[in-house]
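Presented below, as structure tokens, is a lone chain in the form predicted alone.
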Amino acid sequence: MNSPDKKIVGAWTSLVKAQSTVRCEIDAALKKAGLPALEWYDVLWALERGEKDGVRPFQLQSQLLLPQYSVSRLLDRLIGAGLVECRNCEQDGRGQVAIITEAGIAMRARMWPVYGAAIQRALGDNITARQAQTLIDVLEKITAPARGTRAGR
């Protein structure tokens, strides 16, 4: 087994630290504005972009890269807040679909200006458009599906 080069370890550490720092800043901005946490936004946005007939929880799980129990808890909280509702899945009588409510659409819309401004402060005020494109290119290369699209496969 090959150990990663020190620069690769440094890049990994910086990536994790940057992600954690920015998420904390975004969550703090949302909290200060009296809005729910960022993961609520992520679920609401996924549902708003999803199928009109709803999104299955396992689909949310794969989109959000969260464990099943986290998605279930988030959905329970969003349902309790009236932002999401669950219905029986027409294609699978045992399954359910999550559907964003009008209140959920309104909440996501209220959250976006705060979220967007926090993204601007964290990234837009610190990197150029060219650096942003380079970051996109590098991160897309890292997150490419493992179907042979990664370098060296």
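Numbers for residues come from their place in the sequence shown, where the first is 1. Here the structure is a predicted model, which is why all the values come from computation and not from measurement.
Missing here is the form predicted in complex with the DNA; even so, the following discussion is about that form.
Contact between E48 and the DNA in the predicted bound form at 4.5 Å, heavy atoms? Result no; E48 lies far from the DNA in the predicted bound form.
According to a 4.5 angstroms non-hydrogen atom cut-off, is P57 in contact with the DNA in the predicted bound form? It does: once the DNA is placed as it appears in the predicted bound form, P57 has a heavy atom within 4.5 Å of it.
Do Q63 and the DNA share at least one heavy atom pair within 4.5 Å in the predicted bound form? Flag for Q63 set to no.
Quick one: is D53 in contact with the DNA in the predicted bound form, heavy atoms, 4.5 Å cut-off? Close contact is absent here: in the predicted bound form, D53 is far from the DNA, nothing within 4.5 Å, heavy atoms only.
Heavy atom within 4.5 Å of the DNA in the predicted bound form: which residues of 73-87 qualify? In sequence order, R73, R77 come within 4.5 Å of the partner.
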